[in-house]
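The chain that follows stands alone, in the form predicted alone, written as structure tokens.
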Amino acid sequence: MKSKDYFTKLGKDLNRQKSIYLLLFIPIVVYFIFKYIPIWNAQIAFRNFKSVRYGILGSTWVGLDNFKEFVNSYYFWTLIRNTLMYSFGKIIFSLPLSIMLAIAIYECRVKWLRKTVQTLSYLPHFLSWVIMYGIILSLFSPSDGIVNDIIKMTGGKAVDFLTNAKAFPWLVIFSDAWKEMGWSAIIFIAALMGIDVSLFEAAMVEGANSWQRVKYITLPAIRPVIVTVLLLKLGTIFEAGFGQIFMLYSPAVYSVGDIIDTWVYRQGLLDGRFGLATAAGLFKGFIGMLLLFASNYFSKKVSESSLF
């Protein structure tokens, strides 16, 4: 009887909120089609995949051979180093800049200036890396780039940032921060909007200056959001930004520019070694999952904020 009452109540709830569930149904279907169904094809990592002749099930099962080849390859540690370098570099620079930008916009009392800065800061997010490459080239070109013109005017020597192994990583990290920090700041601005204004008023009455209000009210209030964003980024630590690297790098900077995703692209689509490429992709996903669980556990122990 209790079970019948439960399903009756569930049916009434579903009927009452049907419009919301219909809206939720669409992304669930899309996510299922493009995320869960392709998991079936992950078995390519364990086969000597020949797409035209045998297909997935007809290809020879080779077990962990593809994983062994990837781990033992000459490029393995270089790919790991470069991927982690860009991933951590983007977190270290982009996250604090996003938080500072959000606080600056929130604290700005000039309405037109606040809206203008917010719009201009997140506008680059909507530009593809193809367009961004053109902008970066016009800024950093060794022949007529604005940055190199300034360097030459001050008596320096022009630097080819896109082919210089020392300059290229900094160009990648800072161009990503420029493109994405405005969009990332939206999350923190939303969190700032939820802070009780009376806390700031009380602090001002007590004589707290702007920096003290940020230090003792603003940052502690949005700490759970910061932790959540950081955990999500750590979970995708091996996603160093294929589109950006693919547009900016060249053989001249493979030593510092080649990441797992670009190597997978060359092995899979260019050389047709789909089994090896899929194995590298699964390896990356598995390590990312372990990092997410580890960072979530550590965050729960230290700050009592976590995703789950």
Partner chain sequence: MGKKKTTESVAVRLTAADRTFNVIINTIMGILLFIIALPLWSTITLSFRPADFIGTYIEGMFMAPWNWSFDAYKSLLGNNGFLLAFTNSLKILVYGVAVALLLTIPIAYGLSIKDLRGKKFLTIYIIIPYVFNVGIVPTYILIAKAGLTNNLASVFLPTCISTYNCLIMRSFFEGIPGELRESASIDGCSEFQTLVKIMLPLSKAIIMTIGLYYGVQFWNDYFRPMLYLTKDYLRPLPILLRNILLAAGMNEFVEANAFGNAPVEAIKAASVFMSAIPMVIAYPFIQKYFTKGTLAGSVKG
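By rigid core we mean the largest C-alpha set that fits within 1.5 Å across both forms. Given the structure is predicted, the values throughout are model-derived calculations rather than measurements. Residue numbers count along the first chain shown, from 1.
Omitted from view is the form predicted together with its partner chain, to which the following refers.
Contact check for residue 59: no non-hydrogen atom falls within 4.5 Å of its partner chain in the predicted complex. Using a 4.5 angstroms limit between non-hydrogen atoms, residue 65 is distant from its partner chain in the predicted complex.
When contacts are judged by a 4.5 Å heavy atom cut-off, residue 277 counts as touching its partner chain in the predicted complex. Its partner chain is not drawn, but in the predicted complex it has a heavy atom within 4.5 Å of residue 246. Stretch-level contact check against its partner chain in the predicted complex with heavy atoms at 4.5 Å: of 87-95, 165-173, 125-133, 74-82, the positive one is 125-133. Heavy atoms closer than or equal to 4.5 Å to its partner chain in the predicted complex belong, across 8-37, to the residues 9, 10, 13, 14, 16, 17, 19, 20, 21, 23, 24, 26, 27, 28, 30, 31, 32, 33, 34, 35, 36, 37, ordered by sequence position. Residue 207 shows a C-alpha shift of 2 Å or greater between the shown form and the other one [criterion: core-superposed Cα displacement of 2 Å]. After superposing the rigid core, the C-alpha of residue 43 moves by 2 Å or more between the shown form and the other one.
When the rigid core is held fixed, the Cα atom of residue 262 travels less than 2 angstroms between the shown form and the other one.
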